[in-house]
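Next up: a single chain in structure tokens, the form predicted alone.
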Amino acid sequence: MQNLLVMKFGGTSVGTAARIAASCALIRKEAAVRPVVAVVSAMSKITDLLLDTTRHAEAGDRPGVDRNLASLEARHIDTAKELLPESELPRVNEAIAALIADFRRIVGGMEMLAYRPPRAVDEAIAIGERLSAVLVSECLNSQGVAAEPVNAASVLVTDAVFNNASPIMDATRVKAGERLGPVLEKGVVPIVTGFNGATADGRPTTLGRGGSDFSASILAASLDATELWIWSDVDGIMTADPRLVPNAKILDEITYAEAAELAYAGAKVLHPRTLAPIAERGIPVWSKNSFAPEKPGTCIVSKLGEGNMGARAVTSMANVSLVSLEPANPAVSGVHVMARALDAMDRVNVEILALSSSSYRQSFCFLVRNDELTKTLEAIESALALEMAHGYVLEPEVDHNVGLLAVVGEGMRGFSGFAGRIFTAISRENINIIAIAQGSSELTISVVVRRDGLEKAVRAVHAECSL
């Protein structure tokens, strides 16, 4: 399909009837001149509501389940009433009721089992995107643009890692062509659910953190799209968080690698996994604001032009903890302890944000998100239970009073003295640096500081780098 555009709309972009109408206007404008595939998230806060309902079901809390189901139905029925002509409502309300009945069936099974199987959770929470796809497609149809809701479970083929699945690209490419190709050829806009997929044998899955953006990226790569536009509620990718740095600016362009590093270190940018499929094919990605579509946004590309020296942006993350592990004596191999700990964290899908180690004592520390701390410690203590019981390895130490600052830029590569400038800027603010991590690519310098100095450090580094 020539000149295909994939457009993805986040939860706030479809969060109300007014926002759905605005997003549909953006789709309608582009669909008038070229083929478009739209990927939609659930309405804002709906995924949280669905997850909360599964927890009530697991606990046997029927009133809690019923209360959430009533809220779920009311929000979508009310949105449809505000969004669509009255003549369309009986049919649309019937479609909404059918999806909610499907969700009720799934949580009913969880209530009977007093357990939430990961596969069932994936099937349940995908209902949010399916409801959203119905509302968006019906809004477009009411405006004279032919559209069809498509459950991504019929398009996107994944492995069987429930709650955090990965795509099988070759199989997805085939299915996407089979399912979406005929729809596009008829001049119809497919409204595809974000976040979810299915295994080759049809078991529902979800893609984990950043899953809706990831879905759009997978489809763009599978369909050989010309561009991918990600619509959210921010103007683009900025040199820093404007809440911390009032004079932060929007970047016109940024590379895939830079965007991935910024996202990994806490910036409100596309999740690193999102960028992988499109980076391989060199498909440009635009980060745009659906609340202010007249603003140009940021384009994510393979390579920047000459002259982009130094840092491009600085980001930070506050809700993190620093975990330290140390052998009880130098006779114990620190490499062995590190390998066992990292393997344990990999098995529970923990993302390590920064890693630093010493030499003689063979101790090392790593930074993780607070919401992954419990499973991190459980995994490590399970993997090293024998060594800890015999006193070969000390108990993990956890420091909650820390924050991560990361400076990102491909132009830092080979820039003599740049790291020293960053550390000097932080030290001028009397902020103590706890740990430092920098990869051999020189793309990112990560610094762990005390939490109460994090915001001041971000402003100091932003100013030092003249961003």
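Residue indices: 1-based, along the sequence shown. Because the structure is predicted, anything quoted here is derived from the model rather than measured.
Unshown form predicted together with a small molecule; subsequent notes refer to it.
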- Message: Would you classify Pro284 as touching the small molecule in the predicted bound form, given a 4.5 Å non-hydrogen atom cut-off?
- Response: no
- Item | 4.5 angstroms heavy atom contact with the small molecule in the predicted bound form for Val234 | yes
- Message: I'd like to check something about Val269: if you look in the predicted bound form, is any of its heavy atoms closer than or equal to 4.5 Å to a heavy atom of the small molecule?
- Response: yes
- Message: I'd like to know whether Lys186 contacts the small molecule in the predicted bound form, with contact meaning heavy atoms within 4.5 angstroms.
- Response: no
- Message: Can you pick out, from Pro242, Gly310, Pro396, Gly108, the residue that has a heavy atom within 4.5 Å of the small molecule in the predicted bound form?
- Response: Pro242
- When the small molecule is placed as it is in the predicted bound form, which of 376-384, 336-344, 177-185, 225-233 ends up with heavy atoms within 4.5 Å of it? 225-233
